[in-house]
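One chain comes next, on its own, written out as structure tokens in the form predicted on its own.
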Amino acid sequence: MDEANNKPVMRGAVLGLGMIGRHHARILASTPQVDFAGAVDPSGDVHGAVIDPDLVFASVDELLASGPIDFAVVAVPTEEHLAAVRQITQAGASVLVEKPIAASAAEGLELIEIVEAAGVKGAVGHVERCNPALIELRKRINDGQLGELFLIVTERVGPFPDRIRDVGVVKDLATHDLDLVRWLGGSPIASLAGQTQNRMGRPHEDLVLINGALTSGVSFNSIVDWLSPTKVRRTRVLGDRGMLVADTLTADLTFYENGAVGSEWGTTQSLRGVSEGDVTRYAIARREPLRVQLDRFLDLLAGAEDSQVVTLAEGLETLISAEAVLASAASGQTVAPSPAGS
């Protein structure tokens, strides 16, 4: 028992010590509520993420031979998610699976069935939902600060990360944005149109433009690429009372309020539309998003009714939307994401 927080201590491990897995290992090892069981990576701990070399294992079998575990963070390459989840859940461990949930929607559905059959719990690591600027942005939307929502715009661009080998920019990065527009807008994606480009000669796309609409009628637009020489992570939400802009690299949130300047010349006022009003940058408490995500997952394992994790079903819904983007780009048509299993 973690006496400081009055919560049970759970034995957890990380599968995969790549660019994201190494950070999971660091956080697990420094969390009082976790008894860090170790990390699995056939290549070893190339980033030096695990202090004790005896806690680095070459296989899941070696990890499990060291003792039972309560949960595992699955941070292996996307194409290996299904096999890793099957093996670790058979040992009775719950799973936090890095996004995207699987390499395909069909595999994602199978993964969910495996977790349910094992009688364990699962969640998906869409860590942007734990960014302090986006948490505050969503709270303000739900409190009615923007009034009626019109538009959600996301920009996620930067140089190509060498860690990626098995998916393109749509499934690796745009899944963040497809999840965010649905989460921030509060309703599912009704339709979308995607355009992709392949400029680096890899088997997968490295740029995508997405336009779409939620079932609520809110429009959205996302630009995502691995071609830009600078890293940008920005989310903008526009409503009838103004606009909120989140920079998720710096965790800054700024509100641009519609001006309320009157005019005796009524016809010109109607033609001008809204005016620029006050601008406010909010002071936000900043916690590392991965640590917030782990806390939420541990709450789920402890039986919390509203742990705020991204559910496996939500992760699958996002992957289905990503596949709809690729289908749209291939056909040149606007498409509606199909329900799982259809």
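Given the structure is predicted, the values throughout are model-derived calculations rather than measurements. The first residue of the shown sequence is 1; numbering continues from there.
The following text describes the form predicted together with a small molecule, which does not appear among the structures shown.
Q: Given that the partner is absent here, does Val127 sit within 4.5 Å of the small molecule in the model of the complex, heavy atoms only?
A: Although the small molecule is absent here, Val127 would touch it in the model of the complex, with heavy atoms inside 4.5 Å.
Q: Decide whether Thr78 counts as a contact residue for the small molecule in the model of the complex under a heavy atom distance cut-off of 4.5 Å.
A: Judged by the heavy-atom cut-off of 4.5 Å, Thr78 is in contact with the small molecule in the model of the complex.
Q: How about Arg182 - does it come within 4.5 Å of the small molecule in the model of the complex, if we only consider non-hydrogen atoms?
A: No, Arg182 sits far enough from the small molecule in the model of the complex that none of its heavy atoms falls within 4.5 Å.
Q: May I ask you to state whether Val9 is within 4.5 Å of the small molecule in the model of the complex, using heavy atom distances?
A: Because no heavy atom of Val9 falls inside 4.5 Å of the small molecule in the model of the complex, the answer is no.
Q: Looking at 186 to 194, 208 to 216, 113 to 121, 98 to 106, which one sits within 4.5 Å of the small molecule in the model of the complex if you count heavy atoms only?
A: Checking each option against the 4.5 Å cut-off leaves 98 to 106.
Q: Leu298, Leu28, Val40, Val310: which sits within 4.5 Å of the small molecule in the model of the complex by any heavy atom?
A: Answer to the contact question: Val40.
Q: Which one, Leu17, Val325, Ala13, Leu319, lies within 4.5 Å of the small molecule in the model of the complex by heavy atoms?
A: Of the candidates Leu17, Val325, Ala13, Leu319, Leu17 is the one lying within 4.5 Å of the small molecule in the model of the complex.
Q: Is it the case in the model of the complex that Gly21, Asp172 and His176 each bring at least one heavy atom within 4.5 Å of the small molecule?
A: Every residue of the candidate spot has a heavy atom within 4.5 Å of the small molecule in the model of the complex.
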